[in-house]
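What follows is a single chain, given as C-alpha cells, in the form predicted alone.
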Amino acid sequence: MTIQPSDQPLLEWAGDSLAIGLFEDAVELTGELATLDQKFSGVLKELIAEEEFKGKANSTIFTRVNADSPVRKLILVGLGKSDALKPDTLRRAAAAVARVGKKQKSKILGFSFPLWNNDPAASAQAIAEGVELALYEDIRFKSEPVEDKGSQIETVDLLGFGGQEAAITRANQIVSGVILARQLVAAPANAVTPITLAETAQAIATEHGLQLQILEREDCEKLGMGAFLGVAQASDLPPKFIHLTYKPEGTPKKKLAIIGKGVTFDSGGLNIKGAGSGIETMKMDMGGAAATLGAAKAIAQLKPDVEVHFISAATENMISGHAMHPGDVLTASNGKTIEVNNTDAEGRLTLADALVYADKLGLDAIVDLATLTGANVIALGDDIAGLYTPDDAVASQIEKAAETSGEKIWRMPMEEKYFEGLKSGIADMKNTGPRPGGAITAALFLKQFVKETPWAHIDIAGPVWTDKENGYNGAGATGYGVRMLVNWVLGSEE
C-alpha cells in the first residue's frame, strides 16, 4: 500500500472511494463540498438526511455514486466537535475510513480531511498512521494464506497535503515500530523467548547501526543482579540482559533510557497462577520490552539529536526444582535485599536490576514500561496506563507525549507512607505489599532502585491488549507506548 500526498483538486479526484471528514457542528455542505454535491447530483445531501448523519466522532456512512462518476463510492466520517479537533481525532477517523474502504474493496482511496492547528505535517502524519495501523493484520501463525478476494487498498491519496512526503515517511517509520511491538506481544511464548528478544535487538542494531550489548547470565552474576537472576533461575532458557543504544552524530542534547519489562512468559512461579488468572495470556507479559524495542526501531530511523538506551532484562518466570521459593531473600545489584513473599510479583524484580544498571549511565531521565499489576487495571480500566513518578518535569513530558500520540495515561499518586506495607522483618523490603494500593506500592518498590536519575514508571497492564477492535487497533496486541515514547524522545530535542 502506498500513502501519498496530493495537490489534485477535490473536484477532479478520481478513484474507488472518496472519504470526507465532517464536523459535528458543521455537517451542512458549503463551499467546495456543496459544489461536489452538485457534481454528484445531490447524493451527499441526500445521504446525510437519509442516514441522519450527525458527524459524531468516528461514525461512518457511505454510498455508491452513479456509474458514470470518476468516483465509485463516497464515505463520510464524523470528526466530532470542531473545537475538540486533535491529531488523534484525525488518526481515529482515518482508521475508521480505512476499514470501510477495505470492506468496500476500494483499491484507490482518497481523503479530504481538515487540518489540525493549521499544521499540515502533523495532520498528514496522523492520517497516515491511522490508515496503516487500522489495516495491519497479523497472519503469521495461519497455516494457509488468507485469501484477500481483491480487498486490499493499494493507494491512499491525501488530498490537499501536497509536499508532505516527509510527514508520511515519518508516520511509516513510527508505525514500523508499533507493528514490531504488536508482533512481539501477539506471538506465543514458544516463538518469543529471551533468546529471540535478544535476536530482535540484534536485527535492529544491524539494520540501523545501533550499538548492542547482551549480558549473559555470567555477566549478570558479576554485576550482582540477584533480583533478575532469581526470577530467571527456574527456566530452561537462559536470561538475556539487553542493552541497545542509539547515539546521534555529534553531542546529544539529552541522554535518556527506556526500560521494558521482558518476562516472555509468566507462570507465576511457585505461586502459580490458578484458574481464571489469565495464565494463557501471559505471553504478553513482555509488553514493556516490546514497546522498548519498537521505539528503538522507530527512533533509529528518525535519528533525533538525543542519545537513547533501550534496556530489558529478559527471562521467563517458570517452575522447576531450581525455582525461587516464597520466603527467599534476593540481593539486587545495588545491595538492597528483597524478601520474596510472592513469586508472581516477578516483573518488579527484573526491573530492579535494570533500573540500577541504567541509573549508573549518567542519564537525564529514565522511563520504564511494564505490564506490572492487575491493580492498575482495577484502578484505571483496560484503556488507560498509569504514570507513577516523583518528578513533575518528567511527568509533564510524558503526559504531553501521550496527548500527541493519543495513548491514554493518567498520573497516579506516589504515597510514600504506603511503603510501610513493603517492609520486611528479615530484609530491606518485600516484593509485594497489601492488596489496597497495589499499583502504588509496586511503583514505590521500583523507586528504591533509582538513586540519582529523574525517573517515571508506566504500568501498561491494561492497554497493551484489547479484546475487540478499538480505534486504530484491531483485536489483540496494540503496540501501546511506542508512539508515546517516540514523542517523548523527540520532545527532548527542544
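Quick note: we count residues from 1 along the sequence shown, nothing fancier. Nothing here was measured: the structure is a model prediction, and the numbers come from that model.
Another form exists, predicted in complex with a small molecule; not displayed. Remarks below refer to it.
S.K.: Does residue 100 reach the small molecule in the model of the complex if we count a contact as any heavy atom within 4.5 Å?
M.R.: Flag for residue 100 set to no.
S.K.: Give a yes or no for residue 135: in the model of the complex, does one of its heavy atoms lie within 4.5 Å of a heavy atom belonging to the small molecule?
M.R.: So residue 135 does not count as contacting the small molecule.
S.K.: Hey, in the model of the complex, does residue 282 get a heavy atom within 4.5 angstroms of the small molecule?
M.R.: Taking the distances in the model of the complex, the answer for residue 282 is yes, it comes within 4.5 Å of the small molecule.
S.K.: Is it the case that residue 424, even though its partner is missing from this view, gets within 4.5 Å of the small molecule in the model of the complex, heavy atoms only?
M.R.: Flag for residue 424 set to no.
S.K.: With the partner left out here, if you bring back the small molecule in the model of the complex, are 8, 39 and 71 all within 4.5 Å of it by some heavy atom?
M.R.: No residue of the spot touches the small molecule in the model of the complex.
S.K.: Thinking of the small molecule in the model of the complex, which stretch from 100-108, 258-266, 180-188, 207-215 has heavy atoms inside 4.5 Å of it?
M.R.: That would be stretch 258-266.
S.K.: Only one of 373, 164, 397, 112 comes within 4.5 Å of the small molecule in the model of the complex by heavy atoms, so just point that one out.
M.R.: Comparing distances to the small molecule in the model of the complex, the residue within 4.5 Å is 373.
S.K.: So which of 273, 336, 411, 86 reaches within 4.5 angstroms of the small molecule in the model of the complex, heavy atom to heavy atom?
M.R.: Exactly one listed residue reaches within 4.5 Å, namely 273.
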